[in-house]
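One chain is shown next in structure tokens, namely the form predicted on its own.
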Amino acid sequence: MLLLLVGYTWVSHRQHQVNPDDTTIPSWSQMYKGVEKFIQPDQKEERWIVEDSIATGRRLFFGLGLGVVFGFTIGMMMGCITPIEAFLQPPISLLAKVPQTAALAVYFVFFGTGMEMYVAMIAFGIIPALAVTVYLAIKDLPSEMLDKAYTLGASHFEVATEVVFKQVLPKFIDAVRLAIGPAIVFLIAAEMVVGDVGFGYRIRLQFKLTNMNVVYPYLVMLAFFGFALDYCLRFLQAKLCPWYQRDSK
């Protein structure tokens, strides 16, 4: 981090020696003015950072939540029920290869440009990968473990909830951590195209005005937001699956 800050300071200094009015690589004083711009009330008495954080946060929260629920459910059914595996595996594998940003027009047609579109884009974007992760994790379980559970008198439901679920959960949390980055990319891409509020909308608008002293801090906040989500998931994994943490060290 220190090297990045030092490197940026040096590049910005060199650029401003060539052009003192440059705004593409703003100096730290210009960056401070940019931060002031989005934390102070504008003419409508609104703070950009508050409005954008609420809009982007809600879209990401609901999209991730829906994707996590359906991704885990579909993966569990594919891994535990053979007919469902045969029915769902081909379409899920196909959908996993569809680039979500290229399918923006499809989402506009089916869901409009409101909240539903953002949620659907994030959810459908991460469901295939999450479902396949759960499915493969179940297939990797040792058959001896399942046979032992059945021998002890466990039912199919008990094996799924007490054995399969507990073994798959830590790997699923890892998959959700990896899905945070793509989910943010899908959301920002959609906000840049049709959003009227949110981080993507603000970045697009300020980029057109070459106000990079606003764009850069917004990108940093997005990175920290993703890092905070990742940290929360790692904390949750450590609490729910302590055996997995010990095994991974």
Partner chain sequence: MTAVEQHNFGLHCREVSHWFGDNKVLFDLNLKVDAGQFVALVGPSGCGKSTLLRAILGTDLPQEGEILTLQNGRLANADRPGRDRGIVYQKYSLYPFLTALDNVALGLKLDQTTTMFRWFNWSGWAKKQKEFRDRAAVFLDKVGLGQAMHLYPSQMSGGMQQRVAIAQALIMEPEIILLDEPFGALDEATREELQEMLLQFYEENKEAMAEGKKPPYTLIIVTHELNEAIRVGDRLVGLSQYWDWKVDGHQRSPGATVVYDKPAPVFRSDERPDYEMFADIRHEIRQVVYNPEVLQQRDEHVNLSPTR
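All values derive from a computational prediction rather than experimental measurement. Residue numbers count along the first chain shown, from 1.
Only in words, not in the display: the form predicted together with the partner chain, which the text now covers.
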Per-stretch contact check against the partner chain in the predicted bound form, the hit in 102 to 110, 123 to 131, 76 to 84, 145 to 153 (non-hydrogen atom, 4.5 angstroms)
145 to 153
Quick check on this chain: which one of Ile138, Met117, Val163, Ala179 has a heavy atom within 4.5 Å of the partner chain in the predicted bound form?
Val163
For the heavy atom contacts within 4.5 Å of the partner chain in the predicted bound form, list the residues of 211 to 225 involved, in sequence order.
none
